[in-house]
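As structure tokens, one chain now follows by itself in the form predicted alone.
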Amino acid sequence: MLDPTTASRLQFALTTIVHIVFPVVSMGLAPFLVYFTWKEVRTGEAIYEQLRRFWVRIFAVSFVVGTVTGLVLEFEFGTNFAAFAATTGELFGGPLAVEGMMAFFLEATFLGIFVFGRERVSDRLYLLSSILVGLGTWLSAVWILVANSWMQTPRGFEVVMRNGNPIVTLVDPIAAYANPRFPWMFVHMQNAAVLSVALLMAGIAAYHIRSARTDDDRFWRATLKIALVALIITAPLQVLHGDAYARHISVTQPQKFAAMEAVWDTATYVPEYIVAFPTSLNDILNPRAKDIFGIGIPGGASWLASGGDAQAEIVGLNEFEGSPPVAIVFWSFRLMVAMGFWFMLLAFWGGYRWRTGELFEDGLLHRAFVWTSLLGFFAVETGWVVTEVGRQPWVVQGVMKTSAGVSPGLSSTEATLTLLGFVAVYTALLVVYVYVIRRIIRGGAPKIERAQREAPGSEVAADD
């Protein structure tokens, strides 16, 4: 049996890794659905109704599964991390409560109109429902990230003793809930969500174009073009913002930045290793191995930390109390960065082919889109690993260690058995989700029965 701390951390990591996929789908699809609905209402073109009907099915299924998996996370604060909840609940619970009462109910209420109300409400109310559903998904992200960003850079609180137990109390709401990490996390997360969905849309469209289903050809060509526009906007922004975000981390969480670069001893002119391995097999699992073979950019990590000074100093992990699992953070960060640059290259490649009129004829590009269609979600996962694992051993940076947040009465048997139960249930849930989404995708473009209203000059240029 695993010890309660390890089992609880694994269980929370598992539920988070599975859950995060569904909010990313919802947040990423939201602006597309608002656009499709606006164009459908404004022009009356059947292609936009098809786009809206196809993608709203995936949105609705993801919303349902995301709600189920998200509720479990809330319960785990009580079952596995009761000490954390008891200590920080007065401050940490506020954003979560607002998220449930405001954002979730806003999204859930108008989602009913958006999914089932097209023929029952006016165009204006229907368009408004799409906007409010999208607003609800993004507001959910606001409050979740407000809570999480406080764990990264805690502000506006003080710790008092009540009945012999430390309690975090809120003394400055603005400092606590508008702390310096929030805008970085929000922009990076929301842009990643749109980018991930754009890659998914492009991959599905490329798959159908390659399969030469001529009856849906116009639908998939329009899908690929819209996805590519989003990709061209979001992919470079993600790389640029990620660079600045890393610099912010080096200032506010130097321990996490040192783990991202695997820097143990404080040094200047630190290289940015692309790959790094111990030279001895005996040290292959030793994160403190001294003899390293690495390929890197001289001074690159110092340059990244300082914003342009290759001689800048990076404080090593040996200067801090405890350290995160360095290999996990180091490689997750590199995978995320590598995928980010690939997405940007893919966006420029697609844009170039569009400009030369070969967007729908480049088979290699289509295969690249298909193979990349899910990598956006994998990049989000690796980013969260860097964010959450990189903060260890702290659950609240510099305030409370993760081991101190575990429920005091939780036994090894209870923690291990519930972990195994979650693995079984979440695996089954993922299998069902993938089956349903696959059926929707293979079903192709929805068939439109009503008469199409043509609006001169407003047609999607799918055949350009």
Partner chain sequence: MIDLAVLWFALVFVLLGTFLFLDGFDFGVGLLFATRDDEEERETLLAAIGPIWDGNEVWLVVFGGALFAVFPAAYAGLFSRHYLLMFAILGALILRGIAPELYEQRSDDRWKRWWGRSFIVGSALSPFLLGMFAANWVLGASTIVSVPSLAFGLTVVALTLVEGAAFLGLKTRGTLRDEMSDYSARAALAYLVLVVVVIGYLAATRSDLHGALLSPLSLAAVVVSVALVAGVVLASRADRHRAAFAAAAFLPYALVAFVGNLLYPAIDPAVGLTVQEGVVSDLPLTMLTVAAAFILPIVVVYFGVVYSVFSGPADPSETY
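In this text the structure is predicted, and so the values were computed from the model without any measurement. Numbering follows the first chain given and starts at 1.
FYI, the form predicted together with its partner chain isn't displayed, but the following is about it.
- Its partner chain is not drawn, but in the model of the complex it has no heavy atom within 4.5 Å of Glu45.
- Taking non-hydrogen atoms only, Phe422 approaches its partner chain to within 4.5 angstroms in the model of the complex.
- Interface membership of Gly78, defined by any non-hydrogen atom within 4.5 Å of its partner chain in the model of the complex, is confirmed.
- In the model of the complex, at least one heavy atom of Arg57 sits within 4.5 Å of a heavy atom of its partner chain.
- For the options Pro278, Pro393, Gly299, Gly89, the residue carrying a heavy atom within 4.5 angstroms of its partner chain in the model of the complex is Gly89.
- Checking Val326, Val370, Leu237, Val115 against its partner chain in the model of the complex, a heavy atom within 4.5 Å turns up for just one residue: Val115.
- No residue in the set Thr37, Arg210 and Asp216 has a non-hydrogen atom no more than 4.5 Å from its partner chain in the model of the complex.
- Residues within 4.5 angstroms of its partner chain in the model of the complex, judged by any non-hydrogen atom, belong to 81-89 and to none of the other stretches in 307-315, 81-89, 380-388, 358-366.
- If you take 95-124 and check each residue for a heavy atom within 4.5 Å of its partner chain in the model of the complex, you get Leu96, Ala97, Val98, Gly100, Met101, Met102, Phe104, Phe105, Leu106, Ala108, Thr109, Phe110, Leu111, Gly112, Ile113, Val115, Phe116, Gly117, Arg120, Val121, in sequence order.
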